[in-house]
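Presented below, as structure tokens, is a lone chain in the form predicted on its own.
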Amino acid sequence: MTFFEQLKLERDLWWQRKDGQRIRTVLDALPRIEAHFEIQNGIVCVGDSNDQHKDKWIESAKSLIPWKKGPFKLCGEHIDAEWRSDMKWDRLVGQLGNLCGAKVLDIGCNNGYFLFRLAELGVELAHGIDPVLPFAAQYELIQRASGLQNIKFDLFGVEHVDQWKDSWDCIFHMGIVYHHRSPIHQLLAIREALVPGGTAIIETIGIPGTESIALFPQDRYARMGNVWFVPTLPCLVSWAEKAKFIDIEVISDSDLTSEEQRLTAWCPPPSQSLIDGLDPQDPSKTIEGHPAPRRFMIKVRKKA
């Protein structure tokens, strides 16, 4: 048995936890639905809006609130998630090149929004990993309504990426690097997991600045406790260079606004969003007085 086969068996046991059992009951009770998949103006649309069971499916989706990533449309019902992930997709899609037949890994994929966008590009496989049961449940709900067969989700984490060697044509690593203690170790693992000549998209929150430095918050950053390093753009590029990537390109350096991240009916209070983490008197700063977050995205390549 391979490492990942053993890990999958272990992670499948998570469904036996109390909340896992509740979620599993919701998913297992779903009636069969007519599968449908298309993209409309950045919205991943799945399921038949005329299906006799659509109300049951929409009710199940609501039981999985909060939805952090989207947008989706399930059987005609708009799931307006906290994040407008279509905006991030629009920034990166022009840099992906031809991924037809490619194998792509999305680390920290949440509910898999980008997997569905990759499926539209004709990839052989888009494999998302995220060790969070509610995200796995949301993915399963949407995937079953889509009927797609070239996407996959596992409850793995970034700490398992170093078990892959020369495996992926492209890797997405977006909104993850600052949540872990060692950015360089993450990037090294990604490089090793890529096939020779493979590419990765690295995206992170960051702070303004021309020096290669990173903020190390003493406590919280924008109310988030799991933030370790918040780099300037030159620092992010330096991390990629230290990890021995080549052909480093800056895809975007953009403001993070409440158009892209905000609370909605599908991600309501007590969840918190961008505006809750900013100083109400000076939105250029976080509530703790740090520089407010920007979003940086770079494209890197492993030497062939």
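Please read all numbers here as calculations on a predicted model, not as lab measurements. From 1 onward, residues are counted along the sequence shown.
Although not depicted, the form predicted in complex with a small molecule is the subject of the following passage.
This chain is drawn without the small molecule; in the model of the complex, the residue among G108, P183, P231, P71 with a heavy atom within 4.5 Å of it is G108.
Screening D90, E120, E159, E124 for any heavy atom within 4.5 Å of the small molecule in the model of the complex leaves a single hit, E159. Of the candidate stretches 142-150, 193-201, 94-102, 128-136, only 128-136 contains residues with a heavy atom within 4.5 Å of the small molecule in the model of the complex. With a 4.5 Å cutoff on heavy atoms, M174 counts as touching the small molecule in the model of the complex. Heavy atoms of Y178 reach within 4.5 Å of the small molecule in the model of the complex, making it an interface residue. In the model of the complex, none of the heavy atoms of Y221 sits within 4.5 Å of a heavy atom of the small molecule.
Although the partner is absent here, F114 lies within 4.5 Å of the small molecule in the model of the complex, judged by heavy atoms.
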